[in-house]
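A lone chain, given as structure tokens: the form predicted alone.
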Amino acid sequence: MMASEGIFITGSGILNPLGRGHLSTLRSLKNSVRGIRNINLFEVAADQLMPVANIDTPLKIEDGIPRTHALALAAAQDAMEGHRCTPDAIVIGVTTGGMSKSEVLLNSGVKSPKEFAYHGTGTVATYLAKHFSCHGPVFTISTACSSGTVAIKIALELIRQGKANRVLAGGVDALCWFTYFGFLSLQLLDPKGARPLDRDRAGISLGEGAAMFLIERAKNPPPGSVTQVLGGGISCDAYHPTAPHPTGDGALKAMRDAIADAGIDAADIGYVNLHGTATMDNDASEAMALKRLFGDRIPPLSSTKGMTGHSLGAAGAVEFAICSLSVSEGIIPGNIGCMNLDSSLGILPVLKPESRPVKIAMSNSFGFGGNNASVIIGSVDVRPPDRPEAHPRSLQVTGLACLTGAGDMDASFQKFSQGISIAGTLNNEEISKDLSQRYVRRLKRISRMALALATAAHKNAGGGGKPSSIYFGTGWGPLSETYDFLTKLFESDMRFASPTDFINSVHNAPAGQVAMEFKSTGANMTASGGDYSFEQALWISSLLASEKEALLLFGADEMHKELSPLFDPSVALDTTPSDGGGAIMAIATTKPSGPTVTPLVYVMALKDAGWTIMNDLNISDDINAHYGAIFYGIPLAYEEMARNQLTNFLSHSGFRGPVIDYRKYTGQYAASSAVAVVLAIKTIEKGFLSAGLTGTGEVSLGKNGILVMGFGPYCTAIGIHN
């Protein structure tokens, strides 16, 4: 057992409609300030005008960055103020990325990919990493409204499992046309402003914000720390794309897992910050879960979204900051906006702010796709329980699948192993030929790809037990739905848009479809970090999965003729439009046998990349005794940088085996590394590389593995062994 160490909040920054900084936010909480008002960020027709919670604080917008990036930087600068250290890793929850800028460019007909350089959700974390000189792992979580809370849980596990001592984590989202008109199309905006738990509540008030935290491991509370992260729980409803489980099953599991992870009892919780969106279904589902968890001893609770609005990917982080204030300042915020309590819910919120000591608080976040997360915050004098020393797990492969321009896995591997290109695209009918047409009739390209990959991998695993958790990496998410939603919106002069396209446009929608297909109620993660999204999903699975847990890991990206060349600069440079993905059914374990996949390296590009990679590979002897081949991927947009990194690595490592450029065969798209991992596993099962692939003759692998490496803005390595 490890001696108990605390994981403390040593720096924090919050920017929300109640103000910038803790003092301003605390003052607003004490005075029940309602930050919901008419929108002033963009024009809206009078008959479409709904109250929102936008931030009036002036922002420093430089280098053409979108509003989301400016919000994130402001909060992160406040969190890092007074700290001379550099974060070992960064984890950010976000749903819109640079959409606030991209949608304006698209509506103006701009066609230059350079103008969309900050579109991707992953660009927020990368922007912060460059600003704060973080060279370690950078993760972007896009699980709708639970993104910020999930980011904190992942930061906690990075520290617990020895992958970092100091993590900058949080959530951010800015208001934009896309989300405003999306929720308007769903008729989920309350014209009177959010009224959580009110009997007449009629929906949410959209908000925006950012909250960032410097989280550090220490035996004793570091100077300046006022709270600590005690635990977190993550679950999935696997029930409906948008509606929560009617009896709160998923919410209950997330809360129970968080309490168990923190090593406390439910009775220890002194305050619950509700997800409390003020929709009929969400408030009822959460109330049901709370009653099942606490019985007749429900602690003081409130939703603060009647003050802050619902800031989507930022909401969990903003409410984590409010819980931290509750613990450090002894305040229970009021459930502002509720005028006529809905007695049918059976819970009694704190309606006006109260001063009372709070030693431990819980924050809930429940998002589209049934993605649920809860985190536990404690005062610095709470002693965390001793816990076994934890290590990231490898994935023991039980099933495989991939989709490429050549077809399914067998067709793709047959061509690849002969050194023949598998670039290109399949049509939607080919992708979903083995799926129920009734089920997929409303789904567009990437969700069909996700279901096809998942069902094929499950079948390849023997079709037995289904995965309890789902981990998904996508560089750009559902582009077809995004394009169709915006096109209809622009063509109607901001009057009409498809609610179905909006629902299915969220990055986590494909993983949500897979969870519903398999009834997977464990973690449901979507990582979206450009060319490194699949690698991020793999890393996160190795951190979150429990020993012997069955899971599905997959990556996919779709080719969209209009958006892909604008958003992905490597696609713009390729002559063959391509897309696809790869999927792995696996058992998470620290004692693998058979084919295994292990995340090894994830660092920001450095001049001496070879030395850094070799250091993280932790190989003390000859690399040729461990690996028989390298599959590497180079995004065309970063070709010169990446080839220099590869040359530097080969020089430092002394590797002498075949070195295969997998993007030469798959084509250029973000999730091509997922395909490469599947092809590497198949190659290891075969035992040798053919002459068509090596160009020099057949090469036996013996008992050696294959390194699947990525180069460019980040350097990554995944170990494949048998």
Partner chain sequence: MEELSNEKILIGKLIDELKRKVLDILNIQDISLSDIDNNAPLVGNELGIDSIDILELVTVIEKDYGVRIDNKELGQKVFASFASLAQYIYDNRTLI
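Numbering follows the first chain given and starts at 1. What you see is a predicted model; the values in this text were computed from it and never measured.
The following text describes the form predicted together with its partner chain, which does not appear among the structures shown.
Checked against its partner chain in the model of the complex, the candidates 460, 498, 589, 521 yield a single residue with a heavy atom inside 4.5 Å, and that residue is 498. Site annotation in the model of the complex: the residue of 245, 560, 119, 448 reaching within 4.5 Å of its partner chain with a heavy atom is 448. For the marked spot (133, 229 and 608), a heavy atom within 4.5 Å of its partner chain in the model of the complex is absent from each of the three residues. For residue 187, a non-hydrogen atom is located within 4.5 Å of its partner chain in the model of the complex, even though that partner is not displayed. Put simply, residue 442 is close to its partner chain in the model of the complex: some heavy atom of it is within 4.5 Å. Heavy atoms of residue 543 never reach within 4.5 Å of its partner chain in the model of the complex, leaving it off the interface. For the chain shown alone, residue 437 is a contact residue for its partner chain in the model of the complex, at least one non-hydrogen atom being within 4.5 angstroms. The stretch in contact with its partner chain in the model of the complex, judged by heavy atoms within 4.5 Å, is 487 to 495, chosen from 146 to 154, 487 to 495, 334 to 342, 97 to 105.
Using a 4.5 Å cut-off on any heavy atom, the residues of 229 to 251 that reach its partner chain in the model of the complex are, in sequence order, 240, 241, 242.
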